[in-house]
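Presented as structure tokens, the chain that follows is alone, the form predicted on its own.
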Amino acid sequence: MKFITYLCIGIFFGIILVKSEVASWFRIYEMFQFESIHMYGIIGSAILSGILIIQFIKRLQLKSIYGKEINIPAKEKTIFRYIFGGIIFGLGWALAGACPGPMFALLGAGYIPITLVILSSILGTFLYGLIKNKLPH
């Protein structure tokens, strides 16, 4: 039953991504060319709502639907890893024309060439898992 619930939520989220043009290659191109505020507005509102929701969860000490305490661990304060990771993520996003969430929405919308990007991202994640213990974290 949980699978069906998660599948429905995922389909709904995918529809929102496609209809709001977050999955649009043209909108992503506009963003990286600094020609439109569309994507920056969406990303900014996601960051703001994420900050507010996390603070709400922490201050009210909310519990999950299973009754367990929601524990959000503090992040390390190192800047280099976030800048370096952000640059790699941004380059991949610019080259592929999609970030991880919209990739699956694009596949669901019938853009079959995105399959290559999805398979490449899965391979990259697998390779990172193999060498992560050797990297300077």
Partner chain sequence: MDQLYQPWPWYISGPLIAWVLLALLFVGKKFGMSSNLKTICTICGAGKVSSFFRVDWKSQLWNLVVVLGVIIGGFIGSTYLSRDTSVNISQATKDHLKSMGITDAGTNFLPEMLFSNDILSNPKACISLIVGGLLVGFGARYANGCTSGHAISGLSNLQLPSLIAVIGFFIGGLIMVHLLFPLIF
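Under this definition, the rigid core comprises the largest set of C-alpha atoms superposing within 1.5 Å between the forms. Remember, predicted model here, so these are calculated numbers, not experimental data. Numbering follows the first chain given and starts at 1.
This protein has a second form, the form predicted together with its partner chain, left out of what is shown; the following refers to that one.
Trainee: Any chance Leu60 has a heavy atom within 4.5 Å of its partner chain in the predicted complex?
Mentor: Answer no; every heavy atom of Leu60 is more than 4.5 Å from its partner chain in the predicted complex.
Trainee: Heavy atom within 4.5 Å of its partner chain in the predicted complex: which residues of 78 to 100 qualify?
Mentor: Thr78, Ile79, Arg81, Tyr82, Ile83, Phe84, Gly85, Gly86, Ile87, Ile88, Phe89, Gly90, Leu91, Gly92, Trp93, Ala94, Leu95, Ala96, Ala98, Cys99, Pro100 sit within 4.5 Å of the partner.
Trainee: Taking the rigid core as the frame, does Glu35 move its C-alpha by 2 Å or more between the shown form and the other one?
Mentor: Stays below the 2 Å threshold, so no.
Trainee: Determine whether the C-alpha of Ile53 shifts by 2 Å or more between the shown form and the other one once the rigid core is superposed.
Mentor: Yes, Ile53 moves 2 Å or more.
Trainee: I want to check Ile72: does it shift between the shown form and the other one by 2 Å or more at the Cα, with the core superposed?
Mentor: The answer is yes, as the C-alpha of Ile72 shifts between the shown form and the other one by 2 Å or more after core alignment.
Trainee: Relative to the form shown here, do the C-alpha atoms of Gly129 and Ile54 sit closer together or farther apart in the predicted complex, given a change of 3 Å or more?
Mentor: Residues separate in the predicted complex, at least 3 Å farther apart.
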